[in-house]
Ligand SMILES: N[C@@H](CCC(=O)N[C@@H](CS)C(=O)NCC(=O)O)C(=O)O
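Before any questions on how it binds or moves, here is one chain, the form predicted alone, in structure tokens.
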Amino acid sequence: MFELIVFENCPFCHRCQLVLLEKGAAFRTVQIERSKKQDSKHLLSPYVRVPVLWHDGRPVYESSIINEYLEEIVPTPALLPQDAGRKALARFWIDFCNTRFMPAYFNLLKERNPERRAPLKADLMGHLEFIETGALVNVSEAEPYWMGQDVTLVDYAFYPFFERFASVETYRDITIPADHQRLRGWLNSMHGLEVVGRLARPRDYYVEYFGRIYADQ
């Protein structure tokens, strides 16, 4: 039995829950209140954050590392390509999500000064364009996922941020361009996955939740 330490609405925790469900692994979640994380430091990572996966009495930290750990411990279904080159490419896209796309999303969302948002919007829009024309250039009805025919850790790395994209659409006036049809097609494919549906929350939920934190006053 795996135990996953989480915060409510954390996209990084969402990643790991999706992979645990996809793997069919038995697990339970332990939710920590953000306001009380100092009281729960013994359950958190050395960075004092979540997710943390406990397994066989040992903690595993950081969502991408947790998901690769799960790939090794629960190898079926495989969520990384078997070919070494394709596996390296998958890891590149996960790194892009972690170091480029995710920071751009949060930098825009967290910017309180409207006059400082223009370059942050441009940065996020540039990443969306890169996904459309680079990452998903070969996406099709036959190969609807990031790496082709089968869902992988890459899809589950990115998806939680797109489920929460209503936050920047509503409060930072940015949206996925209509001509980004590959990206929109990938999102539709993700929405159709059973494990995604088990955890999904509606757009209005995220609009209300993020509005309490990031709406302009």
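The shown structure was predicted, so the numbers you read here are calculated from the model rather than taken from an experiment. One rule holds for the numbers: they count along the sequence shown, beginning at 1.
One more form of this protein, predicted in complex with the named molecule, exists but is not displayed; see below.
Contact check for Val50: a heavy atom falls within 4.5 Å of the named molecule in the model of the complex. The named molecule in the model of the complex comes within 4.5 Å of no heavy atom belonging to Val196. Under a 4.5 angstroms non-hydrogen atom cutoff, the named molecule in the model of the complex lacks Asp155 among its neighbouring residues. Put simply, Val19 is far from the named molecule in the model of the complex: not one heavy atom of it is within 4.5 Å. Stretch-level contact check against the named molecule in the model of the complex with heavy atoms at 4.5 Å: of 30 to 38, 146 to 154, 187 to 195, 168 to 176, the positive one is 30 to 38. Of all the residues from 1 to 32, those having a non-hydrogen atom no more than 4.5 Å from the named molecule in the model of the complex are Phe7, Cys10, Pro11, Phe12, Arg15.
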